[in-house]
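Just one chain follows, in the form predicted on its own, and it is written as structure tokens.
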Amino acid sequence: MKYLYYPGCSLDGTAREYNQSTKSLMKGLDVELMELTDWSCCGASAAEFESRLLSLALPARNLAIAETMADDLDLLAPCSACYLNLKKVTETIRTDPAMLSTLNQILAEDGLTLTGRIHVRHLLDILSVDIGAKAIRERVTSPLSGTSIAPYYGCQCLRPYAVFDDPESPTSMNQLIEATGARIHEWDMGAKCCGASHMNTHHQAGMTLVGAILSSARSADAIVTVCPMCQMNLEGYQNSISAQNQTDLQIPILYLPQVLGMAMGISRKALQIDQNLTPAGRIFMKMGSGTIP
């Protein structure tokens, strides 16, 4: 299998462990990734507040670059915000020819043209649909037996585009996690919002939302996510939320490729496990076949 690959800004900065673990996992699954040349910011959540046109033009540029590389390949985006922004462009131009014309006028300044042929896919979509749990299970060498994992999806990989899972009751991570030998932590917080950027603009509201998620995962050994913003919120405020709630809510927050890669025996260095803010030691202690190097 082969995909175009758009890492986005977070995976090139604060979430480099997500980028590296995704690449390492895909290599272990014999999947080739072709990173977009000269890719640029998709606008994240900020561009929409400045201008709707800007919020479409920024990801449109990356889609146009993808078309110059291989318009017959799907474009993989691990970051949920990047996926949402890229997907929004493809859905918009499909029903709005006037906007496509406007975007192409802008892209012409960069010598690019957008047609809409690229299919945008989230990493979780590709792992659960194209690769599947069976392929993961066949490569497991260090099973996560005895561990309990809480799958956390967040909002943007499932809403508003319900492409590969049910936004209200998602299950696409379950079989992938179970393929590692771990069991699923039963909870109802997997699709609840972590507050996203409101952790900065409405801090207490964000703290309350994250606190509820962490509290619901107390009996799990780790929370697994597929979104850099969710990862940052769930990891970065555990000390202050624990103090605020007068309860120890410390728990490892891992990216899905890190968990799958651990079970497949991919090294800690390749998965960038030690770059996470929350240590994953309790997972290694419970692994049925020992730890990974």
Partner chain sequence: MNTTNLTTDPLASIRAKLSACIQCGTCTGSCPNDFAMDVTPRYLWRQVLAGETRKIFLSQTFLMCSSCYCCTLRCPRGLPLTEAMSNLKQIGVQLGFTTKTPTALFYRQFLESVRRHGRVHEMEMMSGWFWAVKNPMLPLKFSSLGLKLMSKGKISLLGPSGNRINLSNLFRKVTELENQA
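Positions refer to the first chain, counted from 1. Nothing here was measured: the structure is a model prediction, and the numbers come from that model.
There is another form of the same protein, the form predicted in complex with the partner chain; it is not shown, and what comes next is about it.
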Subject >> Stretch from 214-222, 172-180, 201-209, 137-145 whose residues place a heavy atom within 4.5 Å of the partner chain in the model of the complex >> reply: 201-209
Subject >> Heavy atom within 4.5 Å of the partner chain in the model of the complex - residue from Glu91, Asp72, Glu186, Asp110 >> reply: Asp110
Original post:
Would Asp248 sit within 4.5 Å of the partner chain in the model of the complex, counting heavy atoms only?
Top reply: no
**OP:** Would you check, heavy atoms only and a 4.5 Å threshold, whether Leu277 touches the partner chain in the model of the complex?
**Re:** yes
Original post:
Is there a heavy atom of Lys23 lying 4.5 Å or less from a heavy atom of the partner chain in the model of the complex?
Top reply: no
**OP:** Although the partner chain is absent from this view, report whether Arg52 comes within 4.5 Å of it in the model of the complex, heavy atoms only.
**Re:** yes
Original post:
Taking the partner chain in the model of the complex, which residues along 101-120 bring a heavy atom to within 4.5 Å of it?
Top reply: Thr102, Gln105, Ile106, Glu109, Asp110
